[in-house]
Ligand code: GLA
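Single chain ahead, by itself, as structure tokens, in the form predicted on its own.
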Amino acid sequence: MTEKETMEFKETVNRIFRAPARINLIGEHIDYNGGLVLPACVNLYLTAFVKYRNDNKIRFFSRGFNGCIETTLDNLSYSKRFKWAIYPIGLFYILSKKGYEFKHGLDIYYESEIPSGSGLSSSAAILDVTGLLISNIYNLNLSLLDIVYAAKAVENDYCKLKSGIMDQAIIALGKKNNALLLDCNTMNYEYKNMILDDYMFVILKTNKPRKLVESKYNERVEECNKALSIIKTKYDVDNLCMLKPNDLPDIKLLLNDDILYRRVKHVVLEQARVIVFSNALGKGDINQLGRLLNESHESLKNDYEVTGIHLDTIVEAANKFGAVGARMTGAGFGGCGIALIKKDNNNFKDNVIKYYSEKLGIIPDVYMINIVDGIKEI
């Protein structure tokens, strides 16, 4: 749509819905291993503007992509022609297979501040916000967890990405000034008030995008599943996060495979870090938080091998210029990091940008963020 057409569309919509981006404070590559994670929503938003139709067409527009993706409510099966709209169309598909009915079509225009391929979960944002708008507009009365499960089914079953449930959960359930301590095995969760006083989290965007389906993300999932199948011959566990750090020496001998062992080592020790980090967050123990952030990044770099030069360099820059601690966030392979800094570190942003740019010849972005609520109609 042209700028004029976009303005006209937005001025005549029936409903407006919004989803935030998310960061994961700690607990990376834990969700599909059945463990605890600690994400939070941040004030970078994806907004969906919706107009009703009198036929069964559904049309999708986006500020980030030219043209219109169009289909009908009786033609929702996976197709490459859906391109970026595969996520919202997939959600219509998944819900239709559950027996929900859609009495009319929609035109939906998505406008996003969330950088695509950044590791801030733009895909989960578009899924969750679409789930909420479908539920509200068609009076489906979906709970937030219903939306979460449907969104995960789109990623796993429709898009064939072996992702966990963390991203969909936090964007649906997020709460202002709180992180979400989520058990990805049981889906039990509790909110953790973020006591940071004179400190704040910032996002470090490498501007090295990645696509999870084309990355080694699925490979890591498969490695963990292979290790688990071996471990289960001796240990009575349902997932890797049920193991304890003192199990690792025996696990190393049992696996007899350095790569598989290092994957398991990361998962087990990262799970332990989540618990300590969660307690430190509630006490405002800044030094402990910083130490754990750094330990997490080193583990993701050396044992899980999902960082790379871009994430390593921007984390290095953050620590060089005053961060208490920093690490990659999200799946890795490019995308974003986070850092914990003093609020009065006024030169942090410029220093990080200069250092990273000189090292890699790419200009990064640094976002000063607030912790906000999850999806809502506005």
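Residue numbers here begin at 1 and follow the sequence given. This structure is a prediction, so every number in the text was calculated from the model and none was measured.
Note that the form predicted in complex with the named molecule isn't included here; everything after this is about it.
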(message) Taking any heavy atom pair closer than or equal to 4.5 Å as contact, tell me whether Tyr149 reaches the named molecule in the predicted complex.
(response) no
(message) Whether Tyr217 contacts the named molecule in the predicted complex should be assessed with a 4.5 Å heavy atom distance threshold; does it?
(response) yes
(request) Please run the contact check for Gly330 against the named molecule in the predicted complex: heavy atoms, 4.5 angstroms, yes or no? (result) yes
(request) Please run the contact check for Gly27 against the named molecule in the predicted complex: heavy atoms, 4.5 angstroms, yes or no? (result) yes
(request) Spot the stretch among 93-101, 163-171, 247-255, 68-76 with residues whose non-hydrogen atoms come within 4.5 Å of the named molecule in the predicted complex. (result) 163-171
(message) To verify the annotation, which of these, Phe49, Tyr32, Phe61, Phe348, has a non-hydrogen atom within 4.5 Å of the named molecule in the predicted complex?
(response) Tyr32
